[in-house]
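Given next, in structure tokens, is a single chain: the form predicted on its own.
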């Protein structure tokens, strides 16, 4: 069987946020992006795959049973002793009716994407609503209840015995995924993010390197605020290709958060859509070089939900599926969503409107990013040599 180049895992149930319509996390971003791709002809009906259920045993490998029970009972409106001990009933993760069903459906979809690649049905699979990288084994955190990424990675390792390189481009450190595989030598977790000194969750320092069998397989590239396209791309190039080459993955899992964008209200990085696109393209190139093109891709953060996110993810799909998208976006698509959302959607795929940044600020941030990348690269090389 010849695999399809790319497939999108989606269904209408994924367009609902687990935390309600007034929460910063807007799950409708996925539907906005999908309809944009459909309107431009870049997504065809047979590109879309259904969501399958996760094996309960897989859930138990990633999350404690008591925690999952607390999430389900809270979502059903039942009493939970000490919900805050599980990270629930907070401003980030409020208790909302039915939240457990939404969170588990997101997990189902990311594992379904992993299975499409593992089974050879698709070379690459994308699930836009996924990317819940802050959920821990027994604790919700940072808008995340169930760690769909850890589940997808676990599925790939169990199903195929593959070595997995996880690359996280979200502005926030991928702490939950890192913790899940901290002592695993068959999973590389590499996160490029705004430094935890200035942004939630406060982790992801360059000296967080894993332990035991996983020593050296946790790699972090923390960036200063106002790191721009040039700084981020140069730092990526100085670190990521060599780390991936040394690790030798069978598949790459990418968390494609968009909150490193300069418009994002919850982070302070300064990338444009072009910068994000360059990073996405580089990860895809790495998959082509080392994994035969195999990738599982999720969305992630991105809270400038109607301008930045759909355009970035549309361009990502274009790379994954090898499809061209027009620069002028369909007026009917813009009008339809403007009426539903009460927001103005962009007219072009490319950006025209970023304000000028102080070059002394972005220059310092870029120099810092490159210095960190070189230090982390040297440390990784030493650890890899010692492991051999």
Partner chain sequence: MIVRDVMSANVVAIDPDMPIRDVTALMELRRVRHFPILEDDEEVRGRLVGIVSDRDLRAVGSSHPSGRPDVRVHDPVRHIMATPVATAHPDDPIEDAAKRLRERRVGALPVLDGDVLIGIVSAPDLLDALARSAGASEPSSRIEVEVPNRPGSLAALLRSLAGRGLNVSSVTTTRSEPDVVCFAIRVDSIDGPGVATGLVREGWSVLWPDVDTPTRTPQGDRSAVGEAS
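Values in this document were obtained by computation on a predicted structure and should not be read as measured data. Positions refer to the first chain, counted from 1.
A second form of this protein, the form predicted together with the partner chain, is not displayed here; the remarks below concern that form.
When you look in the predicted complex, the only residue of 163, 263, 159, 73 with a non-hydrogen atom within 4.5 Å of the partner chain is 263. Here is the short version: of 58, 48, 341, 42, the single residue with a heavy atom within 4.5 Å of the partner chain in the predicted complex is 341. Proximity of residue 316 to the partner chain in the predicted complex falls outside the 4.5 Å heavy atom cutoff.
Residue contact with the partner chain in the predicted complex: residue 193 places no heavy atom within 4.5 Å of it. Residue 225 belongs to the set of residues with a heavy atom inside 4.5 Å of the partner chain in the predicted complex. Within 4.5 Å of any heavy atom of the partner chain in the predicted complex lies no heavy atom of residue 94.
By the 4.5 Å heavy atom rule, the three marked residues 29, 98 and 146 all fail to count as contacting the partner chain in the predicted complex. Partner contacts here mean any heavy atom within 4.5 Å of the partner chain in the predicted complex, and among 99-107, 278-286, 213-221, 172-180 they occur only in 172-180.
For the partner-free chain shown, 139, 141, 142, 143 of 139-156 come within 4.5 angstroms of the partner chain in the predicted complex, judged by any non-hydrogen atom.
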